[in-house]
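Take a look at this single chain in structure tokens; it is the form predicted alone.
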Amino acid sequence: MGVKTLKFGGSSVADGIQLAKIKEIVDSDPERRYVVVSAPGKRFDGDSKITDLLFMCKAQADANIPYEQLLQVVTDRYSAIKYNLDIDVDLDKCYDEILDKLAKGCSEAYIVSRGEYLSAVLVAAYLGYDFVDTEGLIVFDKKGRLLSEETNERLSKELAKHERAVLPGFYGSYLESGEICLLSRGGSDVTGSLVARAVDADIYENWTDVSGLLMADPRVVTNPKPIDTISYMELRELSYMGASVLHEDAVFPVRLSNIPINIRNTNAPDDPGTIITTENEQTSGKVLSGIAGKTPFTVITVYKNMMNKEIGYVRRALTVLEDMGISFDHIPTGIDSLSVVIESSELEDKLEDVLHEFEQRLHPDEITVVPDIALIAVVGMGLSRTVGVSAKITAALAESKVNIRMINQGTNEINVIVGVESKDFKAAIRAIYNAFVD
């Protein structure tokens, strides 16, 4: 028998109705043996996510503001699911422990992680699967960096003891101290990927509230086409530039083991969704896989005559950013110019300091700063095989009266990055999409 790992997001575990759908999905295929769950999300517009409520509980506790009523709202959500579905599980003991630790000043990571913990306890009892806690299995170093190989070893050893199991997403623990450590928001996707790798799954099914990936953001492009198949590399490019169906870090664990990901819709389980697989299996022949973008960015350009002859010039520029803890996104260069493209949020109040250090260390002839730039990634394996892609992009933008501030094709030749003014962001995406999609 094969093995499938499944992850269900917050919308999929929001209430009893959604959990009933999960059971139907899991029971329909005996190969669906390992399930990762998020904390319950919103049930309707205006509702609150459990994770947000738990953050608020901790904030009120730290400020000596009564939090018991807010915590009661959280526990009532789980109790309602339990009674609606007649699940045989004792949640009161869990509630008492959470209340006790809150009163004693537990960490924020601990209290927030209880959203996934309670969700997994509940779902495990409902499915009749073993509950396996990720505390002590998914481990981080003292700086909060995931220890991939140690995690894989621990998960593999533990899950070998369980034919079927439900695990909480979003958290693990520090290797040295054993204290709870959270992944970033959306981290349950990463947990599912780690579990899939650990059990050597045939496929990792990521169940959410959409039927796979779309070629563009539906808030920008009307009725964009779905993506049937996409490579890990293409997905990485789109995720980094804002496509948010799947956490960008979820790709790496399964990619190491060549495990495909299938994005599925809990509310439409018969939809095939999107398959994410290795590059050499991407044979559709289409030029464009998707378009995504982010804004705002700031572009700092340094000009200096004969820059290309000055050894170590780029290194000195990047050292300035490193010393200030600033990451960059792109470095377009010319013979006598160097630009660094940085998310504006990275700079905040550091811009003047960066410019000062550039002056001191680089001795430029001129420095210019262009704020409010949007970056758009045009992604597809077919880009490298198709003549005139850049010309098609520039022509489409010109026709829409969008001024291009920068354009660059990545060295992997599967993406073209276009920089436009933030005010033209949506118009640019629509223009490019319409140029490539019939």
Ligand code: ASP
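Note that residue numbering follows the sequence shown and begins at 1. Since this is a predicted model, take the numbers as computed values, not measurements.
Just so you know, the form predicted in complex with this ligand exists too; it's not on screen, but the next bit is about it.
**Q** Val378 versus this ligand, in the predicted complex: is there a non-hydrogen atom within 4.5 Å?
**A** No - in the predicted complex, heavy atoms of Val378 and this ligand never come within 4.5 Å of each other.
**Q** Look up in the predicted complex whether Ser188 has a non-hydrogen atom within 4.5 angstroms of this ligand, and give yes or no.
**A** Yes.
**Q** Given that this ligand is not shown alongside this chain, does Glu116 nevertheless sit within 4.5 Å of it in the predicted complex, heavy atom to heavy atom?
**A** Although this ligand is absent here, Glu116 would touch it in the predicted complex, with heavy atoms inside 4.5 Å.
**Q** Looking at the partner-bound form in the predicted complex, is Phe170 within 4.5 Å of this ligand by any heavy atom?
**A** Within the cut-off, so yes.
**Q** Just one stretch in 392-400, 365-373, 35-43, 62-70 has heavy atoms within 4.5 Å of this ligand in the predicted complex, so which one is it?
**A** Selected range: 35-43.
**Q** Where, within 48-83, is there a heavy atom within 4.5 Å of this ligand in the predicted complex? Residue list please.
**A** Result: Lys49, Thr51.
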